[in-house]
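Let's start with one chain on its own, the form predicted on its own, as C-alpha cells.
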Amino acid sequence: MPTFKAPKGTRDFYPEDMAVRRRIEDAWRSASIGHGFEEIEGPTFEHLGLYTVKSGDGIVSELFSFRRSGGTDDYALRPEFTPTLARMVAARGGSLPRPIKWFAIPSHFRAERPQRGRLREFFQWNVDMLGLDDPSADAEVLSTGLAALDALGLRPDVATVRLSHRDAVASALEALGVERESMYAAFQLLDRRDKLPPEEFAKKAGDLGLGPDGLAAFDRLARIRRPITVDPAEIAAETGVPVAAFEPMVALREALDDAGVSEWCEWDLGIVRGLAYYTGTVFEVHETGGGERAIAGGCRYDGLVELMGGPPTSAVGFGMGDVVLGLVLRDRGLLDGIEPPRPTVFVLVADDVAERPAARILASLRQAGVHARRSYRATRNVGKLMSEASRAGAGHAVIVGRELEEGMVVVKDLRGGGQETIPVDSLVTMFTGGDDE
C-alpha cells in the first residue's frame, strides 16, 4: 500500500498544534473586536483576473491557478485577502457605512518554494479600515495589531514597527534627482536594501541616473532608522532633503502618539513595500533579533477599491501570518504549556451493570454544559481507568460502580486528592453550581 505525506509546504494540525493555532487566532480576534472591527470571510479561490489586475501577470507563477475541466474561466487559490476585500467593498458601492472596519483570518496559498517562515499554505490575520482618509485610521489599524502582540506576550523590546511614508520618500527621492519615470525602480531597490550586497546596491542606485552626491544621499536615505519621536526635520537635515518632503510624516507621528503606540515604532525610510498600488503609510513589524522575516506588513492602498470597479475609497490595512509569528513566540517560550482543552469530568464504568447508567450520567453532564469525557476501554480495572483520566487532564473522575445500587457515585479529585460518595442526582449541581431540576 502507498504511504502518503502532507504536501510540501503545508502542515498537519494535531490537537496540540490546533491549541496553539487557536491561541493565536483568539488573540487576533479579541484585538479586532475590541477595536471595533467586524469579521468577514470570502471564497478560498477567486477569478485569476482579480489578482492580475492588482499585481500584474507576473504574479501568476506564484499562484496555484487552475481551470475547471470543460470550462473557460481561470481561477486561483487566494494568495492574499486584500483583493477579495476590495472586491467585496466595490460590490456594495456607497451603501456601506463609513468607515468600514473589517477583519478576517482566512487560509492563503502560495506556489513558492517553502522555506523557514514561508509556507505554501498559511493563515493570515487581515485588518482593514476603509473610508477614512486620516492618519488616525493608520494608527488605529496598527494599534489593533500591536494589541494582539501584547496579548501574546510580545513587547516593544521584542517587536518593532518600522514605518515610512511613500509620498515622503518619493518627494525625497525626487529632491535627490530621481526622475519620476524611475521612481518605481527606486522603490523596488529600497525594498531590497537589506537583501543586496553594498556594491550591487550601489550599482543599481547608479542606474537611476544619480551623480556621486546623489548616490551618497540615496544610500543615507535608504538606511535611515530613527525613533518615531525624532522630528522629521532632523531627518531632512541629515539627508540634505528639503523638510517639506517629510511633512506627511508629522501628522502620522502625532496620530501614533495619540494611539499610545509610539514606543513600538521607529522611522525606517527603506521600508516602501514595492507594490505599485501602495500609497501613503507603509510599515512592517519585525522581531528585534532580526532572525525571522517580518511578522506583519501593512500600508495604505487608497486606489484599490476603485481599481476593482468601486467608488474612490481610502484604505489602510495589514496582514499578519501565523507562521513567522508562531516561530517568534515559540523561540521565546511564549507557547509553552498551551494544550488542548481538558475535561472537567471523566466518567469511569467500574461495574458491568453500570454501562447504560454511566452513559445517561455523561449525557446529563454534557447537556448542563460540563466538559465531560468517558473511557471506552473494555476493562473494569479501576486503576487503569484512573490513569486514563489523569492522562486526559481531567479535574475529577466520576466512578460509576456498585454504589449506583443505592443511587450513589464516587467522585475523585484528581488534582487536589481525596474523594467522596454523593447522590447521582447531585452530580450536575456539583459541577455547575446550579439547580439540578
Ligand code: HAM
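A residue's number is simply how far along the shown sequence it sits, counting from 1. These figures come from a predicted structure and were not determined experimentally.
Separately, the form predicted in complex with the named molecule exists; it is not shown, and the next lines address it.
*Asks:* If we take heavy atoms and a 4.5 Å cut-off, which stretch out of 176-184, 342-350, 320-328, 221-229 is in contact with the named molecule in the predicted complex?
*Replies:* So the stretch in question is 320-328.
*Asks:* Please tell me whether any heavy atom belonging to R118 falls inside 4.5 Å of a heavy atom of the named molecule, as the geometry stands in the predicted complex.
*Replies:* Residue-level check for R118: yes, a contact with the named molecule.
*Asks:* Classify N126 as contacting or not contacting the named molecule in the predicted complex by the rule of any non-hydrogen atom within 4.5 angstroms, answering yes or no.
*Replies:* Close contact exists here: in the predicted complex, N126 approaches the named molecule to within 4.5 Å, heavy atoms only.
*Asks:* Consider Y278 of the chain shown here, and say whether it contacts the named molecule in the predicted complex, taking contact as heavy atoms within 4.5 Å.
*Replies:* Within the cut-off, so yes.
*Asks:* Even though the partner isn't displayed, in the predicted complex is Y301 close enough to the named molecule, meaning a heavy atom within 4.5 Å?
*Replies:* Yes, contact at 4.5 Å.
*Asks:* Have a look at R273, R87, R193, K101 for me and say which one sits with a heavy atom within 4.5 Å of the named molecule in the predicted complex.
*Replies:* Only one listed residue qualifies here, and that residue is R273.
*Asks:* Just one of L189, L365, A137, A296 has a heavy atom within 4.5 angstroms of the named molecule in the predicted complex, so which one?
*Replies:* Exactly one listed residue reaches within 4.5 Å, namely A296.
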